[in-house]
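Encoded as structure tokens, the following chain is the form predicted alone, with no partner shown.
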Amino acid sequence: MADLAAPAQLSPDDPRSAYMALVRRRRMYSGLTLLIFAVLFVGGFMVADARNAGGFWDGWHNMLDFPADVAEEAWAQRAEMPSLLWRYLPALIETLNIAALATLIGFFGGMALSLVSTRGLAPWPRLIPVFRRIMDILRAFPEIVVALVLIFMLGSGPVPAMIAIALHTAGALGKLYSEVNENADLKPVEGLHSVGARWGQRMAFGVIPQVAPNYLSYGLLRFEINIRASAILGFVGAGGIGYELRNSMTFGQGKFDEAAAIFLLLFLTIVAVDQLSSVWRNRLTYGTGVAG
């Protein structure tokens, strides 16, 4: 029997058979990988179903009942939809403010962390692992977990949501920006250093102009993500339109038209922001304004 652990060597006498043996071995490894994945998937699903209060197989056919009730009540109250959209517009603006401020703080925080954690650019090379672990910690905790802790300390409101999203954004953007920095040309930095420029001046005039389009592109993409995150955090008392959505869904029948209005408002906002961000990103990256 052929040794499956040893790599196949292409024999000059029979290269075709050696190549086919290598192909069979790779197929076998791929099949084993898929089998392991399937076993883990099925096992994980069965464990989750066993811990679920109602059971997935017994309740899956009821999954569409809530959307059907919302749609039915919204259609019956469709004449009130414009007034409901106008009523919840201030809550949407609050959600957008949370996302915008969190993105702005996270943008500058991530930029600073990326510059001090990039080899060849960092002012303190020995501290690069420390700054990278800081970014790992900021990314490790979901926004909702941090928001719950901050709400316990600071009370309900938009401030805990903004801080939680800003911390996660700084960690995520810092990781992305550090990878962008590694591709920057160091010749301008070396030239500035040779004429006595300080570290901040070297970064401002030698690195930032090269990576600014990618910085802004990732920042806009993160803004889209943060709008969704700020809406979700409203469910835990962080304010914004998510808080209004939780209230309308909690009251149930009779309030589903309000939930439908909030869903519609969120959908239109996210689509509009996504399209505008795509246009801006394409202009920054490719010099065109075609939305992706």
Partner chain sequence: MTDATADAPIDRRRAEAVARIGARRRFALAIPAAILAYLVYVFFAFDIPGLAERVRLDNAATLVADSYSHKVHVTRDNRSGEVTVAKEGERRATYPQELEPDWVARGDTVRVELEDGHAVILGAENTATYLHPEFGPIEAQASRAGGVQIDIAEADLPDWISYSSSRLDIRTDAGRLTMTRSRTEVHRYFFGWELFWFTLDSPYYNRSLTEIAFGEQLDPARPNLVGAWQDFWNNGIWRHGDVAWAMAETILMAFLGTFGAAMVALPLAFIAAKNFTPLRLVRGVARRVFDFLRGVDALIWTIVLSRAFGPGPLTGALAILFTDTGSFGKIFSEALENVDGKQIEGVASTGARPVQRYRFGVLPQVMPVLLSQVLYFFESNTRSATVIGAITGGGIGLLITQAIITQKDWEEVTYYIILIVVTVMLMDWLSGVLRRRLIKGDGG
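Everything numeric here is computed off the predicted structure, so don't read it as measured data. Each form is matched to the other, and the largest set of C-alpha atoms that superpose within 1.5 Å is called the rigid core. Positions refer to the first chain, counted from 1.
There is another form of the same protein, the form predicted together with the partner chain; it is not shown, and what comes next is about it.
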{"query": "4.5 angstroms heavy atom contact with the partner chain in the predicted bound form for residue 270", "finding": "yes"}
{"query": "Partner proximity in the predicted bound form: residue 60 to the partner chain, non-hydrogen atom cutoff 4.5 Å", "finding": "yes"}
{"query": "4.5 angstroms heavy atom contact with the partner chain in the predicted bound form for residue 82", "finding": "no"}
{"query": "Heavy atom of residue 89 within 4.5 Å of the partner chain in the predicted bound form", "finding": "no"}
{"query": "Contact assignment for the partner chain in the predicted bound form, among 197, 116, 159, 184, heavy atom within 4.5 Å", "finding": "159"}
{"query": "Every residue of 93, 145 and 152 near the partner chain in the predicted bound form, heavy atom within 4.5 Å", "finding": "yes"}
{"query": "Per-stretch contact check against the partner chain in the predicted bound form, the hit in 122-130, 73-81, 188-196, 97-105 (non-hydrogen atom, 4.5 angstroms)", "finding": "97-105"}
{"query": "Residues of stretch 169-191 in contact with the partner chain in the predicted bound form (4.5 Å, non-hydrogen atom)", "finding": "175, 176"}
{"query": "Large Cα move at residue 264 between the shown form and the other one, threshold 2 Å, rigid core", "finding": "no"}
